[in-house]
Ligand code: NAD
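The chain below stands alone, shown as structure tokens; this is the form predicted on its own.
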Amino acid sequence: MDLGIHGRVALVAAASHGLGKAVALKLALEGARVAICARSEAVEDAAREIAGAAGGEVMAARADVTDAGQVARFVGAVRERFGAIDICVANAGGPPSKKFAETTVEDWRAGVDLNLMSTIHLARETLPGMRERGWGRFLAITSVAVKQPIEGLILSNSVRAAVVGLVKTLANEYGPYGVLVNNICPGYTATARLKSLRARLAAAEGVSEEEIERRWTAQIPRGRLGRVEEFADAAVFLVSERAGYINGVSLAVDGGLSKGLL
């Protein structure tokens, strides 16, 4: 299937590794011109790897998406190099695993900056241009926690739910102008972050990491963790021409983990 995004300009945040990198690679393989950012120098290596695999043009920059000024400068640099931005994938790392009693006011503020404000910064910089041109895709990467809260992740459960409210509202406001805004919700996916979470939970409970993973997979009808490539396939479809009548949804890519009807 031709997804209709060859030559489109796509921006992917927090794409030095994990889900963001997988989405950026898939976009590049579909012929999009891709710009990625992350806080670490690893973003340069990721760009070289993606360009080598896809044979396309990939731009990399260090930027902290919690900082409005850095986001504005990054978006400006992308426009200067590639022109108008057609696709924006908002992504950021998740807040730490904590229970409510352990969570400080500073933790809450940092969580809001990391997941909610970063999405707002990217939306403010990219949506107006998409509206002006009458075509655009904005996709927020959140978590299956917005469908079914995950024990021990109160920051993620709370702040990512706010992102869903933002996405739904933006979908209503920008849909009439050909700009589609959606949310994609990964479940337990084999990434470095999930391995870190598994290790922390195992240490806290005094059990093996294998036991933690067994508990996770026991809840998933597919019976295994997700692969980043599977997540990227769904994400890239949502930002494609073929998804022209999908707007304001929160798509779970979780192997059936979430048990709700919606």
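Don't overthink the numbering: it's just position in the shown sequence, from 1. Computed from a predicted structure; not experimentally measured.
There is also a form predicted in complex with the ligand; it is not shown, and the following applies to it.
- Not displayed here, the ligand is kept clear of residue 139 by more than 4.5 Å at the level of heavy atoms in the predicted complex.
- Of the heavy atoms in residue 94, some are within 4.5 Å of the ligand in the predicted complex.
- Not displayed here, the ligand is approached by residue 194 to within 4.5 Å at the level of heavy atoms in the predicted complex.
- Among heavy atoms of residue 14, some come within 4.5 Å of the ligand in the predicted complex.
- In plain terms, the part of the chain that comes close to the ligand in the predicted complex, with a heavy atom within 4.5 Å, is 142 to 150 out of 142 to 150, 168 to 176, 97 to 105, 75 to 83.
- Though the ligand is absent from this view, in the predicted complex it lies within 4.5 Å of a heavy atom of just one residue from 39, 227, 215, 48, which is 39.
- With the partner omitted here, the residue from 236, 35, 65, 32 that has a non-hydrogen atom within 4.5 angstroms of the ligand in the predicted complex is 65.
- Of all the residues from 98 to 121, those having a non-hydrogen atom no more than 4.5 Å from the ligand in the predicted complex are 114, 115.
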